[in-house]
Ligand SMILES: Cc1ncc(COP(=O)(O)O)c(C=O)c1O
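One chain comes next, on its own, written as structure tokens: the form predicted alone.
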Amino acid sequence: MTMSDIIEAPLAVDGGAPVIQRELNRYKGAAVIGDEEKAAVLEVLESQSLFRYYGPHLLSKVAQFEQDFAGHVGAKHAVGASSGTAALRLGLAALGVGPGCEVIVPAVTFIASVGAIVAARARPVFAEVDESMQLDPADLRRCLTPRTKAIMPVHLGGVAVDMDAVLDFARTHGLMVIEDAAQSCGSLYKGRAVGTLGHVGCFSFQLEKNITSGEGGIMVTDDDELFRRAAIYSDQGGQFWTAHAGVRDTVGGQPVIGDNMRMNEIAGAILGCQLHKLPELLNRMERNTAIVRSAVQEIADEHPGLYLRPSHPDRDRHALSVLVYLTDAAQADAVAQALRGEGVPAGKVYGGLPVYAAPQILNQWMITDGCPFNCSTFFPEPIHYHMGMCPRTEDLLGRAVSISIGPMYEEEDLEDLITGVQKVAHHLL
């Protein structure tokens, strides 16, 4: 069968044969787990010291990973955490975000960004995104109130936010900046690692991330006091009696009532191995994304109803997907469904809905009552969330389709994926 025959054949959603009849490996760090990680985990198990602070033969895998990660991204300090969400909570705690504070966050993000803000008993305020699907700095002024404490730019899908504009706004108005780089470990903004531009930066090592330990996270900062606050908060607030009548105090200073958000030694061991593999993973991702983006641009040139996310080489070098826009939401739905039918890993970004569309956010449902939604002492006026709050974001999300790219895609995978896009465009555009 010729390429023309494949493209002109009926779509899979109409009963035809899919172009891709196998599962593409879109995973990143998980796809390269091998003997090195197995040996590192076994070493920790044999040490009988799975806790980061003590054991029969402590190997200090978490401490070593923290040091190596900070050096890799160019930060002075790093605090390992049990998850990316925990890293965000550490960052917010370090910055002093709490009741009476508002944090500006983009309307397109994973729900953990919002959950971490609410867990700090602060209020999220939602900002528009632009066509890059990143926080639009032009909308920050609309979101600003006397209670605004911080901005949380989210580097979504390997693409960096326009950080110069965000940082300029933050400096002008005396705001803190906490970067959510959960999905963008290793991504660059004008040559600098995301997560190192604001006051604190937070990363995730969940299974789908660039490097992974299944769960895990890390917070980085150049500020000594922010580091101290995050480190003690992650370890029960610092300076406390242990079960064996000793006192643990890892960084000194005044203790606080804290929490347990520590990373364990097995995660630290795995991530130490994964970090060495990150540069090659990013190189492969950059190459594969560039190939697909170029091919889809050629397809878009032939179909005026399809156009790509604007390219920003100093921000999207390590994008994890190729994002396209259609003329309306109905067409985007049809294209996404047809692409999946052909075996192309594609879909609407977060279902085509802003994060505040989640019912628990719209209705302000919490596990307990009180701040930040029902506490008149800190927030005299209620805050209302509703669809239509960020109309441009809702329009962009409705018309956007994301094609996932994996660093482990081989030539055949890339060729078939592009053919699948050509076939769908031929029939629907």
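Note that this is a predicted model, so its numbers are computed, not measured. Position 1 is the first residue in the sequence shown; the rest follow in order.
Keep in mind that the form predicted together with the named molecule is not shown, yet the notes after this line are about it.
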item: Residue contact check: residue 209 to the named molecule in the model of the complex, 4.5 Å heavy atom; value: yes
item: Contact flag, residue 88 vs the named molecule in the model of the complex, heavy atom cut 4.5 Å; value: yes
item: Contact test in the model of the complex: residue 354 vs the named molecule, heavy atoms, 4.5 Å; value: no
item: Residue contact check: residue 221 to the named molecule in the model of the complex, 4.5 Å heavy atom; value: no
item: 4.5 Å heavy atom contact with the named molecule in the model of the complex for all of 187, 289 and 321; value: no
item: Listed residue that, although the named molecule is not shown, lies within 4.5 Å of it in the model of the complex (heavy atoms), from 182, 150, 140, 271; value: 182
item: Option touching the named molecule, based on a heavy atom within 4.5 Å in the model of the complex, out of 154, 231, 93, 107; value: 154
item: Which of 201 to 209, 312 to 320, 355 to 363, 263 to 271 sits within 4.5 Å of the named molecule in the model of the complex, heavy atom basis; value: 201 to 209
